[in-house]
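Single chain ahead, by itself, as structure tokens, in the form predicted on its own.
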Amino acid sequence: MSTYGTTRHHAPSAFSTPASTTLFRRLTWEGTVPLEIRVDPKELPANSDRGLECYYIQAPRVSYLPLLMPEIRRFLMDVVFDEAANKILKEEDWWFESEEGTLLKWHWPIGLIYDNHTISSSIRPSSQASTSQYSVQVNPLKLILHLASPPTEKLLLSPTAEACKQAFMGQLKEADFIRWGSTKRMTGLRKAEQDGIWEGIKEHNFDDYWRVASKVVPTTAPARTNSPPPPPSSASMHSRPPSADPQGAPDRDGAYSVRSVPVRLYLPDGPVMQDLVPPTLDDGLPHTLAHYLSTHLPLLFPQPPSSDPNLAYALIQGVLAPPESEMAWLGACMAGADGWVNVCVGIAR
């Protein structure tokens, strides 16, 4: 079994951000998911060791399946396949599907693949993905590795690290445009910086990634100067993240100064929804996750003053996100490495 980044020692960052912001960004970065990868038994080469064709890995949420291929290949070549198979198998022909037969999207972050599978499992009769208390069980995502004949007409992208890099950079630029109304921040980066941000993903290096990403992603200093206090009855420690407290003059690079927060909404076995998500509402109050969900999915998240319970839950980076979370703060601290806040909605049991 392999793990990433759980014991690595980090040098001090070369850029300056509030400590609480860096904490949440690091927690997001260090998140991992368990994967069980099994070679399709019908495609195992002759003379393969059929008792060892399953590989377990604790994969970084911010990484991508093509970046895991070299490690998976080393394991298979060292332990499962013989020399003859080593010569004929081509890594560029390998592709994944879930145990249920769903083709996996190479250009999605691994954490999003995992969360999307979790919410899809919530609508299946045998699901153990959620309970009435919205708790989420962490089980290995079981993947089938195919060694030949990739369905290129369905994959959309060739299963290579280079194609994944191009898709990743495209997502960064789209998120940049949604935030600021242009892609100047991304296109203004030198080529070495653009390459460096991808190297940070490949090497799973938090500081290398954020050294460049901090020039594009907004800070957590709010643009509003009179932020409303949390309701007196609120006992949540998450209603106002320390990094989002008013701290003087508005910041044009701040999370509350963006035109819109890059957000995508994922439903179980359903479409992906995308809309403009301003950081504040018309009345000047912060745009919260509860308002966002009740506006887009009112049947699952009833709008006030309704006292009906929510029929679903929202996962962001594998975390059951508090409904009072502010969308601007989520965009600055809980977005994926590609700049997007992925909200995965599962059905409560």
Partner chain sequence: MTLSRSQFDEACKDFVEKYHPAAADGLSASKGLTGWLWLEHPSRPQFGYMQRQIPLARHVDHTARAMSSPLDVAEEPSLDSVDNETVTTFSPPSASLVCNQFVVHSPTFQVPTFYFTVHDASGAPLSLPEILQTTLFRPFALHGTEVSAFSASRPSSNFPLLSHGEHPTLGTPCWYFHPCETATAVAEILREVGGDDTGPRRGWIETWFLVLGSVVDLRL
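Numbering follows the first chain given and starts at 1. Being a predicted model, the structure only gives us computed values, none of them experimental.
Note that the form predicted in complex with its partner chain isn't included here; everything after this is about it.
- With the partner removed from view, the residue among 139, 274, 98, 86 that has a non-hydrogen atom within 4.5 Å of its partner chain in the predicted complex turns out to be 274.
- This chain is displayed alone, yet in the predicted complex one of 216, 145, 163, 72 has a heavy atom within 4.5 Å of its partner chain; that residue is 163.
- Contact with its partner chain in the predicted complex, judged as any non-hydrogen atom within 4.5 angstroms, is confined among 72 to 80, 176 to 184, 113 to 121, 208 to 216 to 176 to 184.
- No residue in the set 57, 91 and 198 has a non-hydrogen atom no more than 4.5 Å from its partner chain in the predicted complex.
- Contact between residue 189 and its partner chain in the predicted complex is not found at the 4.5 Å heavy atom cutoff.
- Of the heavy atoms in residue 269, some are within 4.5 Å of its partner chain in the predicted complex.
- Its partner chain in the predicted complex comes within 4.5 Å of a heavy atom belonging to residue 170.
- Taking the partner from the other structure, its partner chain in the predicted complex has a heavy atom within 4.5 Å of a heavy atom of residue 105.
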